[in-house]
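Take a look at this single chain in C-alpha cells; it is the form predicted on its own.
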C-alpha cells in the first residue's frame, strides 16, 4: 500500500455483477485482517454501469476523481451468451477495448498502485494442446464464434505488459474458468450453462412440464463457485505482484460432466418430473481443461474449494429466494416460456 495515500481505496468496476457481488459478500463476511478479509482502514467501493459508463473517458475520469482509488479490480465488461457474441462481434470488440483502455489509462494517470483485471478462458486459441495454461494465450486465434470479445480481453494482457515495460505499472489479470453462483445472470436467452439449467429446471418444476436438456450430457467443464473465485481475486490483489496472468480454477481432476451438473441441479431444485437429454442436438466442445498448477503453487498448495453440489444448492436457494425481487431472470420471456430446453455445450 502506498504511503502517501492515507486510506487504501479498492474500486471494483462491474461490482454489481456475479463476481463483484461475490467479492462484496466475502469482504463483508470474512474476518477483518484474515487472508481473504478486509484490512483495517480499507475502503471498498463497488460500482456498476449506473455509476459510470466506462466506454466514455469523461465518465471514467469522473469516477476516479470521485473515489480516488489506490487499487482497482476491473471486472466491468460487455458480456453475453454464445449467440450475442456471434451476432455482435464488433460491439464486443470495440466496447470492451474502450472500457479496458479508459480504466487502465486512468489508473496509470492517477498513480493507482495496482490493477487486477478479469479475463476469460475464451481468450485461449481454438486449436491448442490441453490442458490450457498461462503460457498458451497468444499461440493462435481464438474460436471464431467470439473472436471480438476474446481479442478485446487478450489485449488487456498486452496492455498490462506494455504499461509495465514503459511505466513500471503493477497491472495484472486473472483468468477464471466457468463461474456460477448467487446473483448470476439467469436470463433464459442469454445466460451460461449452469444458471440456464437451474432456471429451466425451476420453471419445469413450477409448470409441471418435462425438463429437456439439449445434447448428450457428456461434455466436461470446470466450474468454480463465485464465492471461491472472490477469495482468489482478493488473494491475487494482495499477494501476487507479477504481470503474468493466473488461471483461477478448480483442478483438472474436478471436471464435471453436463449430466452430473444436471443431476445435481435436479436434486437441488427438488424436481421429480420427467427429465431427459436430447442427443440429436450438438454438444459443442467436449472438454477444454485448464491447469491450476500455477495457482496452487502460488497459494502454497492449499485452498478449500466449495464442493460442487454444495455450491449448486446454495445458488439454487439464492435464486428461489430472489426470483420475484432482484434476480436477473429476463422476466419478459420467462412467463410464457413453456419449452424447458437448454443447450449444454457452451459455458
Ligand code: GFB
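Nothing here was measured: the structure is a model prediction, and the numbers come from that model. Numbering follows the first chain given and starts at 1. In this text, rigid core is short for the largest set of C-alphas that superpose within 1.5 Å between two forms.
The same protein has a further form, the form predicted in complex with this ligand, not shown here; the description that follows concerns it.
Asks: Decide open versus blocked for this chain after superposing the C-alphas round the site and placing this ligand the way it sits in the predicted complex; the blocked call needs 3+ ligand atoms within 2.4 Å of backbone or C-beta.
Replies: In the predicted complex, this ligand occupies a site that, on this form, turns out blocked once the ligand is superposed onto it.
Asks: Taking 235, 249 and 312 as the candidate spot, are all three within 4.5 angstroms of this ligand in the predicted complex by heavy atoms?
Replies: No residue of the spot touches this ligand in the predicted complex.
Asks: Among 131, 125, 245, 215, which has at least one heavy atom within 4.5 Å of this ligand in the predicted complex?
Replies: Exactly one listed residue reaches within 4.5 Å, namely 215.
Asks: Among the candidate residues 107, 197, 137, 229, which is the single one with a non-hydrogen atom no more than 4.5 Å from this ligand in the predicted complex?
Replies: So the residue touching this ligand in the predicted complex, by this definition, is 197.
Asks: With a 4.5 Å heavy atom cut-off, would you call residue 282 a contact of this ligand in the predicted complex?
Replies: Yes - in the predicted complex, heavy atoms of residue 282 and this ligand come within 4.5 Å of each other.
Asks: Would you classify residue 258 as touching this ligand in the predicted complex, given a 4.5 Å non-hydrogen atom cut-off?
Replies: The answer is yes: residue 258 has a heavy atom within 4.5 Å of this ligand.
Asks: Does at least one non-hydrogen atom of residue 142 fall within 4.5 angstroms of this ligand in the predicted complex?
Replies: The answer is no: residue 142 has no heavy atom within 4.5 Å of this ligand.
Asks: Test of understanding: in the predicted complex, would residue 192 fall inside 4.5 Å of this ligand by heavy atoms?
Replies: Because a heavy atom of residue 192 falls inside 4.5 Å of this ligand in the predicted complex, the answer is yes.
Asks: Only one of 235-243, 161-169, 143-151, 266-274 has heavy atoms within 4.5 Å of this ligand in the predicted complex; I'd like to know which.
Replies: Among the listed stretches, the partner-contacting one is 143-151.
Asks: With the partner left out here, which residues of 23-56 have a non-hydrogen atom within 4.5 Å of this ligand in the predicted complex?
Replies: Result: empty, none.
Asks: Under a superposition restricted to the rigid core, does residue 281 display a Cα displacement of 2 angstroms or more between the shown form and the other one?
Replies: For residue 281, whose C-alpha is compared between the shown form and the other one after core superposition, the shift is 2 Å or more.
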